[in-house]
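In structure tokens, one chain follows: the form predicted on its own.
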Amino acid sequence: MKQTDHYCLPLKTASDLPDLKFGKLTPIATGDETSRAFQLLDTFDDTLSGAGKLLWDTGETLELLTPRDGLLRQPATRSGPFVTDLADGPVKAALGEVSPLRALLPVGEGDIQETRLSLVDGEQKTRVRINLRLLTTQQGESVAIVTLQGLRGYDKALAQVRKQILASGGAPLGEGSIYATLFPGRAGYVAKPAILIGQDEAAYHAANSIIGTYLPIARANEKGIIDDTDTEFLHDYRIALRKIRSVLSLFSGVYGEKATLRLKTRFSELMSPTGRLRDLDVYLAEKDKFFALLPATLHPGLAQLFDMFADQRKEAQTALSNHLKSKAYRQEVGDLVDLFAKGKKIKRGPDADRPALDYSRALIWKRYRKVCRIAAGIDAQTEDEEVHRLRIQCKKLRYLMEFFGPVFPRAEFQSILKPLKRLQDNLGLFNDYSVQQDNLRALLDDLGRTSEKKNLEIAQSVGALVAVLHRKQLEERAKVMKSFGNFNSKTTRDTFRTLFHDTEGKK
């Protein structure tokens, strides 16, 4: 075997395939047709379909069809819904793009009908093999996938068959969405949508558009949080709300002062119940890292600490789930969706009618200059609070740039966004180490009120962990200063000025 190709075929072409002539080659069935039930799997954010891959579970095997590697199989045995729960095998190895924090979820079910053909010449020699799979859902939607298998020494025959498949309407696997064909009406989830803002659009309408886009994204994650499917549902929910709050904070003057204050309060109240569960999710996700930081003699106390975190997480998840299912929450979030869908009831501010493009330039330039002023003063002795302030300003700058990014030239825009992201990564780690230390110190204070033996073991481990986290925080501070040096290059400064400040950049 030398080469394998995969194509989606029109159903008419697929049904005629056994009777077609491929030049001087004739299709011959090489076995009985087989039919198996399947369950198609993907993550909530469509990681696999986005990569042009199909993963299905037949009950006995997991099968992954990819444009590059062909069909991979391994036993369907798995201990849970995550890639890390799969048995070792070729399918697991080929799912590297799937986040270990994202669950593999059922997209739909159906049957796979498989037909094998050999294309033979006048001497009955096989030149090319064809595998035709017809996937049909329980709703009756179908898609045909043909696999061409070239044999050694018959490259011309394979090229001829490939050409005829393409001429008959075949499309390489990965072009177009098989999921959309099999499951029409299924809305794909996009955590970071491109929001098209017209250059002449008013700032008021731009703000409404951004908030009106991210509210449904937050809501799309509610069921996953309630069902406790994976921790990324809560993460995405919080990011969507955070972006909404940043619009209310950064777009000053677009809405009336009282309206802005009222909206800030309402969205803060939506965010508030999520904090504790998210903190515990972060701790538990980094459990192995924490154990690696401490010697084995302190692991028993650390194990008890994480058992405590796991129990607290169950309580926090139940509380948040009940909150999201409550009538009061449903009413409030529904009212907010309606408010921004219509947008007519929100009091306009003095900058409401300002052109969004000019407004965005002014906002981004102002925030960029603020980032530079704060970062320029950071050294080894700077108080942590000032580093945290830089992190917040970088986050606001990043959100602004992402909101309005489609309006600006892509190449220049990406050239300044990438170093900002790297700076943010360092600042995020610095903040994580700081917050974790504060939380662990508070835990030590609580443990200190009792003298139980197990609490003393936990306290010893926590105390050592705080010391290690403090050291890593200091190391990250040095990286922050280095990252800012890269971000603050002359090229980056010139690009910011051209895009967001100079008169020439506004034309």
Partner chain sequence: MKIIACYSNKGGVGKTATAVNLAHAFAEAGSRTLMCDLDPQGASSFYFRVKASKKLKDASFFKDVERFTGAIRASDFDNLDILPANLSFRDFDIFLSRMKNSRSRLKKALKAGGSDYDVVILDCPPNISTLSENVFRAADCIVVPVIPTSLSEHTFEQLMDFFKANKLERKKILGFFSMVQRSKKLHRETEDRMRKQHRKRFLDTSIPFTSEVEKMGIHRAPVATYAGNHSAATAYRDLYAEVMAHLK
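Positions refer to the first chain, counted from 1. Owing to the predicted nature of the structure, the values given are computational and were not obtained by experimental measurement.
Missing here is the form predicted together with the partner chain; even so, the following discussion is about that form.
Here the chain stands alone, but in the predicted complex its contact with the partner chain, taken as any heavy atom within 4.5 Å, falls in 121 to 129 among 423 to 431, 121 to 129, 372 to 380, 334 to 342. Remark: Tyr154 counts among the residues lining the partner chain in the predicted complex, judged by a heavy atom distance of 4.5 Å or less.
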